[in-house]
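Have a look below at one chain only, the form predicted alone, in structure tokens format.
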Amino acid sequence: MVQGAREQGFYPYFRPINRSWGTEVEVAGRRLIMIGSNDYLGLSHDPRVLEATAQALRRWGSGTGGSRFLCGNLTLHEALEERLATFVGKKKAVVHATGFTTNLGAIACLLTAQDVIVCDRENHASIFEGCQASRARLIPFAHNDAAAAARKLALARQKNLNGCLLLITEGVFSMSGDMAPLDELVKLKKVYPDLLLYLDDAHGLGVMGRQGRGTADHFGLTSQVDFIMGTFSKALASIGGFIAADDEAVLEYLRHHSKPLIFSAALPASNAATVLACLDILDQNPERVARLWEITRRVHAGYREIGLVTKHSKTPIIPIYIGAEEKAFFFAREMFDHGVFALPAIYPAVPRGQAVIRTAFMSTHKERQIQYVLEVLAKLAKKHRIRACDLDEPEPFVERGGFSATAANPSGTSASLAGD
């Protein structure tokens, strides 16, 4: 399939970007408007962030020279952990080199074969990798369905009276833009007082809640979430990940038993400094997040005016329904030809025959850029007949809870494919 798509000229992935200005990028000598990035706040090109990155690079060098366990632990790492814990409302945090390895390392070492994990089917692939590495019993539940999660928990407790119960969900789901029903999931702790709740907030951090403090803060339920995991590769303009909790003893155990942390080189100082600078900006300039939501509302309204079929997303991630995968490839190519960079999500990231163009705008997009993108989408939507008025049955896409990715992990459960 890959070779055929390349030969026909519509393979859209692994495009080499020659230069980036944040909201615009240069590809093959052409400048395009970027609407497919996770750099939600546009901080990757903020002068204050770049200066902090450069200063750390000069002080600590380009790499740490070892794992944090050995010679790679920097004062900057510990300062970042303290700051992150405060930001998300927890007592302690542990930083890893990537978001993927945070989930893999944390989940794998926190549970044993005697424990049970109840997991949203749409969770990220890194979560399922961590679940499998833990050897705990994995029980998926229907996406964003708290009642289904309750039934799975009841079944699990009947068969396992003594093991630990862990429920894992994302805060914001990366393909659909769905937000977890965290308020409903937290209520399950009243029925199961020993239930632990693990929240992967990779796409909620910096976006949801007060000053971007995340999905738990958005619901006012931070104290009820036992573990908050986040990444730096989205709104915080870097790479890396962390897990935060109030149980300091558990995190100290994790610090000494997470294999990716112990056996991988530590996060470079420049990346850690980038995150600290981003957190400073969020504290000092909360209007950055407010601007993102203004733009998100503007784009939602523009999509509705065009007649595009989108999910009822309550987040800055807005997928545009296309349908057939080949049509999505051609649609993305024509967007590219018109100077707009966005990529299709196809099976297994979404169900077969329900391909989408995943769009996400930044707080730094200008009105002229947004208007141009809307003009391009209006033209192409009419040409390719993807407007609601062109489709026989657009409603199933709108009403379905999320997207599945069954082939993404060997357990047979789904897993989001967006980068973590």
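None of the values given here were measured: they were computed from a predicted structure. In case it trips you up, residue 1 is the first one in the sequence shown, and so on.
FYI, the form predicted in complex with a small molecule isn't displayed, but the following is about it.
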property: Joint contact, S176, V309 and S313 to the small molecule in the predicted bound form, by non-hydrogen atom at 4.5 Å; result: no
property: Non-hydrogen atom contact T296 with the small molecule in the predicted bound form at 4.5 angstroms; result: no
property: Distance check, P319 to the small molecule in the predicted bound form, heavy atom within 4.5 Å; result: no
property: Partner contact for P268 in the predicted bound form: the small molecule, 4.5 angstroms, heavy atom; result: no
property: F100, heavy atom within 4.5 angstroms of the small molecule in the predicted bound form; result: yes
property: Stretch from 145-153, 179-187, 249-257, 118-126 whose residues place a heavy atom within 4.5 Å of the small molecule in the predicted bound form; result: 118-126
property: The small molecule: the contacting residue among A345, M229, A106, V275 in the predicted bound form [heavy atom, 4.5 Å]; result: M229
